[in-house]
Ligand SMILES: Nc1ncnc2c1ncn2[C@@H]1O[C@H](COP(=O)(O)OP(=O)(O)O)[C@@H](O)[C@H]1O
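Next up is one chain by itself, shown in structure tokens, the form predicted alone.
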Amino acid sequence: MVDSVLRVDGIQKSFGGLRAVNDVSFSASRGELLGLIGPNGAGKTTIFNMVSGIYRTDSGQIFFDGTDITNRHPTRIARWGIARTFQVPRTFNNMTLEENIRVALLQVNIVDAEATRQACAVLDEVGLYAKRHQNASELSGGERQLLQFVRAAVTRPRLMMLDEPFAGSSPGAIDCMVERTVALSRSGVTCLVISHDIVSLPRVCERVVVLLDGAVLTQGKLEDVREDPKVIEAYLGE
């Protein structure tokens, strides 16, 4: 793909006798909004974990902006400009919302009064400013999804990977994440989105990769893919 930011080339991952990811290849261009969809257990989150360095690949390669990042340390991958969220939100629960954002801003060398100003500004933009001095543990699940989303976004990533960002979120929080994801794309950030939310996903992604049993079933425009008999059978049964 021209101007490819992420290229996944034949990656595989097994856990014991289970092949969780089987020879998966796809790419995403600069500023693209790409969806990864498929039934539970299709390998979507495992792929995210391989790209972000949490899991080592058994074979295959992962390239980011032309650099081979296969099996590099997660910290190094994050510093190259790859940010992600998790299906079960990972926030610093014993820290305040403001502190959660300030920690993320350290990655881009923003500290002290400017970090406080930016943290308060972004929390205000997403409707969490009134809770800025509360610990993250006091938030609802949907609010924690929103917090980890904006915490990742403030690191100014070049690739943003969102794992079920809309799960358990209120309509207002979903609208906020959709709008900010589209804005990131328009600014040149490549976004990968895992989602079962068939209402919200078309608002974000035009193109999707469909996974089944760890392999690519098909890929293409969302409007075409969801009419594909193979995809309908994978989701609904024969």
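Values in this document were obtained by computation on a predicted structure and should not be read as measured data. From 1 onward, residues are counted along the sequence shown.
Omitted here: the form predicted in complex with the named molecule. The next part is about that form.
Put simply, F26 is far from the named molecule in the predicted complex: not one heavy atom of it is within 4.5 Å.
Within 4.5 Å of some heavy atom of the named molecule in the predicted complex lies at least one heavy atom of G41. Heavy atoms of F64 never reach within 4.5 Å of the named molecule in the predicted complex, leaving it off the interface. At the 4.5 Å threshold, heavy atoms of I11 stay clear of the named molecule in the predicted complex, well away from it.
In terms of contact with the named molecule in the predicted complex, the residue from T181, T46, S169, S52 that brings a heavy atom within 4.5 Å is T46. Within 4.5 Å of the named molecule in the predicted complex, a heavy atom is found for none of A78, W80 and S187. Residues of 148-167 placing a heavy atom within 4.5 Å of the named molecule in the predicted complex: none.
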